[in-house]
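Heads up, the chain below is alone and in the form predicted alone; it's given as structure tokens.
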Amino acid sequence: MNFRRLTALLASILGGILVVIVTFLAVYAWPAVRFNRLHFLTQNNWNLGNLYADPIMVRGQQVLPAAHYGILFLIAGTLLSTLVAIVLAVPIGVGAAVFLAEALPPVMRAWVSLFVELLAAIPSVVYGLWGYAVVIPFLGHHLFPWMVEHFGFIPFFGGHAGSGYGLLTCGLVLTLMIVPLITATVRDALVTQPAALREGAVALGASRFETLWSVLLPGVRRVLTGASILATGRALGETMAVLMISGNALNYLPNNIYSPISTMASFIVSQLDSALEDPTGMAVRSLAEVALVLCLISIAVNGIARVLLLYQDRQLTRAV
């Protein structure tokens, strides 16, 4: 009984930390919420105002003249770059996990898996520097112009190829950063599948591919869903790597997949110094509101994942 209470206390601490963080952000950002209202989410106009003028009162809050804060471009950049990363990372991660679990002997699996997992240990700033020095020149000079020429007829793939900074570059680098998480998790789940499942499928005449597709992968759907959500959270909150390769777009939405963008996490870091120059503090509190929106998006993504898991459990119960 004491052990049960102890584990319940430890579990509640984690939930309590989340509540404390969200509450702090909500309280600190409340003046910005009152000033910005819903326009904060629907407009593309981040402007600190006239830093050399005297503050004025607007909607009960002291702000600089012409100050206006809208982050639709940040929401779009964050969600689009995460979407590109997840769309690319899930099939790559699952394919790599299948290769490690089913195609390699145990001795080789251990060594190759080590190198895959080491990718997750590389600091994000290293990925950013690699993206800046290697990926951006290659994409901007070679791949993006080729894509415009051959796939420009596809919506969102045409137009100006840009210089290499932008949405697709962020998506590719984020893909490399989150693939190890998906691969390692799904690989462990496949390896631990009972041997009787494989033997039973083979005994019924299933090929190796049919066994994998119809028996093993359905058995790790919950694990894959959980790993995908963890990877989504990593992509949503990535800061330094995205800051170095996104192009730091301000106040406009991407018009194609090569356009420069800004994400909420990287924008907070890049704008904090200038926001501190606002004597009214509204700019910093608006950045806190950006953090609050990002936090709520992450919570919503995890909530959706929970609903999907419950739906999968219900479908499995009906099948049984």
Partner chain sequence: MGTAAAPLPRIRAASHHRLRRTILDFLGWGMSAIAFLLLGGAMVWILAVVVMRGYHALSLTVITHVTEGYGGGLLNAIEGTLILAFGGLILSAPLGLAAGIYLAEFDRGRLAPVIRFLADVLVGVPSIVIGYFCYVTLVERLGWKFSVAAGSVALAIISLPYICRTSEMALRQVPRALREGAYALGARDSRVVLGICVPTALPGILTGVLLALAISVGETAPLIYTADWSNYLWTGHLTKEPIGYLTYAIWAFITEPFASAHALAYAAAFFVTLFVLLISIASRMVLVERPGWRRPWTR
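Positions refer to the first chain, counted from 1. Note that the structure is predicted; figures quoted are calculated from it, not measured.
Keep in mind the form predicted together with its partner chain is missing from the figure; the text below concerns it.
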Against its partner chain in the model of the complex, would F157 count as a contact residue? Criterion: heavy atoms within 4.5 Å. no
Does its partner chain come within 4.5 Å of any heavy atom of L129 in the model of the complex? yes
Is it the case that V191, even though its partner is missing from this view, gets within 4.5 Å of its partner chain in the model of the complex, heavy atoms only? no
According to a 4.5 angstroms non-hydrogen atom cut-off, is G95 in contact with its partner chain in the model of the complex? yes
In the model of the complex, the residue from L79, I122, V215, L250 that sits within 4.5 Å of its partner chain by heavy atoms: I122
For the chain seen here without its partner, which of 47 to 55, 60 to 68, 253 to 261, 24 to 32 has a heavy atom within 4.5 Å of its partner chain in the model of the complex? 24 to 32
Taking its partner chain in the model of the complex, which residues of 110 to 125 have any heavy atom within 4.5 Å of it? W111, V112, L114, F115, V116, E117, L118, L119, A120, A121, I122, P123, V125
Between I122 and A305, do the C-alpha atoms lie closer or farther in the model of the complex than in the shown form, with a difference of 3 angstroms or more? closer
